[in-house]
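Before any questions on binding or motion, here is one chain by itself as structure tokens, the form predicted alone.
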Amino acid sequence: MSPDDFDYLARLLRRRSGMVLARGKADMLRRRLTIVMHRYGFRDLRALVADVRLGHEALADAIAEAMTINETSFFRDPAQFARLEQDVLPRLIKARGAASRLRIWSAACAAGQEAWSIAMLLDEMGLGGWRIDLIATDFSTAEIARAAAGRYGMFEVQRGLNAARRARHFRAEDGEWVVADHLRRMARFRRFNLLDSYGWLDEVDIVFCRNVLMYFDAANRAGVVERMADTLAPDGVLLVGESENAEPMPAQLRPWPGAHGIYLRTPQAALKAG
């Protein structure tokens, strides 16, 4: 792949997904493009890039989707899930007691492990009679389809799930583990690009946007976080990856005391910053 082709693809990815592709990622780009090359029947990477330069929109989408598929697991970043269970959710449950409703958005959910982990935790907290709206989105059509299907191999369910959780929330079927119906009733899935308009979203109580902001440049990262903050309820919570640098945060968000990557929306924080 020539430097010119690499630069062209880097611009394409940034324009379509917000992802910033450093030159140190050239080997990863080649691996992901090889998969796309075989799928579309190109003889080599040069032919693939030449075709996408001619305006092949479906191919450009496939390249962008291939580059935004990220590794994930159930209950990734256990410390955040512990904080969610012990502190964040109890506070929101108390505040929402009259309505008995929670709305949660798992953005960039990849193959669905994060979304289903959230659903498991909510089920285990005994919210019988509550309306749980769990919205899960991802840029990749293939990944969001996998997430909605809720079917995982043994290696996948062993990453983050103990035997008790597997038995409670999954059923074995044709050599795979399938998400149980009591979790499916909480969740809905759709493809969504975080750079697009958020107008379709109603106010949400919690937004998960973890381990994805690191791939954006500063301008896109700030824009995504600002729009996510605007979707939150006045006392809503944003979670980013524990090791992500999402600063500076919008004025209406302040760090959750003693937690990494968790931010609380509060009008007082916005007024103080202003």
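In case it trips you up, residue 1 is the first one in the sequence shown, and so on. As the structure is a prediction and not an experimental result, all values here were calculated from the model.
Beyond what is shown, the protein has a form predicted together with a small molecule; the following relates to that form.
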- the small molecule contact in the predicted bound form: T231, any heavy atom under 4.5 Å: no
- Would F192 count as touching the small molecule in the predicted bound form under a 4.5 Å heavy atom rule? yes
- Query: Would R83 count as touching the small molecule in the predicted bound form under a 4.5 Å heavy atom rule?
  - Reply: no
- Query: Even though the small molecule is not shown here, does W116 get within 4.5 Å of it in the predicted bound form, heavy atoms only?
  - Reply: no
- Message: Going by heavy atom distances of 4.5 angstroms or less, which of V237, L48, I63, V212 would be at the interface with the small molecule in the predicted bound form?
- Response: V212
- Hey, of 120 to 128, 180 to 188, 92 to 100, 193 to 201, which bit sits against the small molecule in the predicted bound form at 4.5 Å between non-hydrogen atoms? 193 to 201
